[in-house]
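What follows is one chain in structure tokens, specifically the form predicted on its own.
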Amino acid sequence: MKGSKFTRRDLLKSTALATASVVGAPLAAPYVHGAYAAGKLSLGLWDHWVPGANDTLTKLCNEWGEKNKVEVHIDYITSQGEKDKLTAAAEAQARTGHDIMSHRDWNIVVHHQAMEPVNDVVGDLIKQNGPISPVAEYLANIDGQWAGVPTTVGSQVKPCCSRFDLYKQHAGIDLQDIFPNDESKYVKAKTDTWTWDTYLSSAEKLFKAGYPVGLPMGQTSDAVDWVAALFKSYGVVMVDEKSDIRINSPETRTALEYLKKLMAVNPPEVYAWDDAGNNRWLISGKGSSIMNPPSAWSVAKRDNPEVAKNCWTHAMPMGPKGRFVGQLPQFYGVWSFSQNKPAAKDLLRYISQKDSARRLVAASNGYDLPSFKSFYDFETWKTVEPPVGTVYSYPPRGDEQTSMCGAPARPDVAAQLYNQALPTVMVSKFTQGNEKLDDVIKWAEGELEGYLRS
């Protein structure tokens, strides 16, 4: 996934994070639709990288605006250089700006005190659609108040995207057979074979054949998300819900020893990759597997069709504590200083309906991932090609669970942990820096103590 490397941490250093504990959201009474004749709404929304995706969202907003006689104005704001986050920070401080603003990863935690509670909107959506992603709740439900509405647009998970032809030829593994494009045909005896041990042994064979896996190990979100998912599958807990530091554990030691073996069969440049590095690696034809949304495959369709037709998105490997995939939801927040809060909430309800989400997923070629599992039956994931069904297993299916780096620590601590890329720095110290394992863990404990004090 393409993104910025440095300014996220710089931004959080200059922004006061409020202490937050996450609990279940009470369901408020349903919002009563009203009339907003001659009203206006302004939106600052994340600028989608998929051509045409913004057009679909604009159309949905204008449909609602015409029906309700509201003039809707949208500014699409790039995430390059964290411009969207910087804009949100400026508006929160000035207490003026857009009525609705997009927020990525930890931005709800950062700005929740400037947000209008949206329990009524999210509560209605849960009643309609069933359980919501635990990661979305962790990031946006602050002290029992939903401060943001999970979006379809821009939300993602980062499972494996692999060259099934190379896996079959060089590792003797048929990924399409293990993860077919129909969840009803998943066979537990087969999916259970896709473990981190299997991943390592196959990565060693692919490396020897000249087609290494490409797993970033820098300080960007793609790197942090896959490492955190692996840590979770090994039972690693950095800070628990009681704010006790638990990084010094047998689970941490086992995970780091495993990663030392795995990183040895990656190309050495992975330590310097940005969030586009793994995409370029797969598209080039040199790489056999990455962990990413379907962005690399989408670009390969244009730039290297031979690679695209042999790509298969599928679940992450399973560890001793389960199978986990990193999730990064996005959110829409209504500022507490919005001049038209009822209309803003009504628009968010409209663009969050299942049919709206279906249109948005189609516009992104399956990249966007709603926070409701009941939405995972959309035809887009079944039909986009080549090959047909290539991104069917992009939404978590079977026994795959979503995870967020830093959980279950309180969100302000987890945000620092994430934005300082603590998991990947630990791995880099041990694998590339050749520091002793005990020294790496002791260093991490010191960092976590600092996060808890700040």
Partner chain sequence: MVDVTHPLRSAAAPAAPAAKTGLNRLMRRRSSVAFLMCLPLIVIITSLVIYPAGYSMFLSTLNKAQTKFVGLDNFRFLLKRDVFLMVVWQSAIFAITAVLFKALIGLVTAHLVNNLPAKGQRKWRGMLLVPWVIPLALSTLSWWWLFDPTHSAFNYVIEAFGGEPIAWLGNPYWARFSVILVNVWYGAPFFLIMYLAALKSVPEQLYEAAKIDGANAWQQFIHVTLPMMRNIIAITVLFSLIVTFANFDIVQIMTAGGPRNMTHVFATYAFLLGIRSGDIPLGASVSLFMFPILAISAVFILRGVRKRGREIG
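For clarity, every value in this text was computed on a predicted model and none was experimentally measured. Residue numbers count along the first chain shown, from 1.
Keep in mind that the form predicted together with its partner chain is not shown, yet the notes after this line are about it.
Although its partner chain is omitted here, in the predicted bound form none of 343, 346 and 353 has a heavy atom within 4.5 Å of it.
Not displayed here, its partner chain is approached by residue 429 to within 4.5 Å at the level of heavy atoms in the predicted bound form. Contact check for residue 416: a heavy atom falls within 4.5 Å of its partner chain in the predicted bound form. For the chain shown alone, residue 54 is not a contact residue for its partner chain in the predicted bound form, no non-hydrogen atom being within 4.5 angstroms. Taking the partner from elsewhere, residue 42 is found to have every heavy atom lying beyond 4.5 Å of its partner chain in the predicted bound form. Note on contacts: among 274, 368, 137, 99, the single residue with a heavy atom within 4.5 Å of its partner chain in the predicted bound form is 274. Shown without its partner, this chain lists 257, 269, 182, 192 as candidates; in the predicted bound form, only 269 has a non-hydrogen atom within 4.5 angstroms of its partner chain. Annotated contact segment (heavy atom within 4.5 Å of its partner chain in the predicted bound form): 84-92, selected among 232-240, 84-92, 328-336, 198-206. Taking a 4.5 Å heavy atom cutoff to its partner chain in the predicted bound form, the contacting residues in 276-294 are 280, 281, 284, 286.
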